[in-house]
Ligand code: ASP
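Only one chain is shown below, in structure tokens, and it's the form predicted on its own.
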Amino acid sequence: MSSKITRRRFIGRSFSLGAGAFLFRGFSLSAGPQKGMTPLVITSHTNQTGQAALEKGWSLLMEGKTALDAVEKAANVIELDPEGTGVGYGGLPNEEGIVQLDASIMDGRTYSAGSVACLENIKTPCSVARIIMEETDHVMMAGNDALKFAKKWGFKEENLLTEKARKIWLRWKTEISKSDDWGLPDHLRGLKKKKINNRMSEEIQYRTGTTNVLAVDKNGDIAGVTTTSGLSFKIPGRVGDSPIIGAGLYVDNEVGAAGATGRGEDVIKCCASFYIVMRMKEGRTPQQACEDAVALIAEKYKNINPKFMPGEKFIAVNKRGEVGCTSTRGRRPARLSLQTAEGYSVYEGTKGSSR
């Protein structure tokens, strides 16, 4: 299998959105279709771990396994990576230093779905979600009861907080208030971006981190996974869009699939993944449908706070194997990784306003 990374960039200066979607200032749109090919597997991760995940998923597709098998096992590769701080083992904790995971899985062939929310001490939450989907008549389980359920099915309870994530969390704690006793000595506070005591004094920002894996197998069946450790340092019990079917993930076997990453609250409010799939059903390409979702969010805020735009990223694939991705903001266009019979590549979509 080729490891060469190619970029497929389709950037245009203008595009007219269809009914129900709105163009917003500063949005750079795609021009021209992406060549479709199936089977394929894609992920929002574009680093080495993402490539390793696709290699795993692709190998399963080549063995004749289902799209569902491919997305689960590919997502497991990312969930088990201790260097990643946004998914599974190694994910950043909530404000109390506890890692709480969310994940969802959906099988287009059977129109079944499963998810977990606020799951602790299990490294592969998307696999727990699959058990919920296949062995119960429920869709979502949460918290301690989801943990009990996972243990009954043989999942091993383990500490998810890596040393790397713990140190990031401790640095955040030193920055959350200027009036308590955490952080630098009083006489050193305010000296930002200067090296003090062999470390940098810098503001620790909230981070989002999620991954989507979507696949179409040789039978044309579609499946997807979204998995995350959620917003870093979140209030304990906070649930984002990732485990919510229709928000962080949606699959329609006759149309395609979509997934979301980023700040999930606005994804929940606009049912973004469902919206993207329905736009594809109406004839939009995956790229256009992702852009439609961004424009929808912008439209909702234009009369409330026109300068506000939450940080979101959407990826999508249709039944023909065409893909798309976009982000609401950022310095560079959104990207996704994909694996087909032609090898591994990185598709570059579009980016939204920098406001």
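One-based numbering along the sequence shown. All figures in this text were calculated on a predicted structure; none of them were measured in a lab.
FYI, the form predicted together with this ligand isn't displayed, but the following is about it.
- Only one of Leu231, Ile131, Met278, Leu161 lies close to this ligand in the predicted complex, with a heavy atom inside 4.5 Å, and it is Leu231.
- Distance criterion of 4.5 Å from any heavy atom to this ligand in the predicted complex singles out Arg238 from the list Lys73, Arg238, Arg171, Arg284.
- With this ligand left out of view, the stretch that reaches within 4.5 Å of it through heavy atoms in the predicted complex is, among 75-83, 110-118, 135-143, 255-263, 255-263.
- By the criterion of a heavy atom within 4.5 Å, Gly209 is counted among the residues contacting this ligand in the predicted complex.
- Using a 4.5 angstroms threshold between heavy atoms, Ser273 stays clear of this ligand in the predicted complex.
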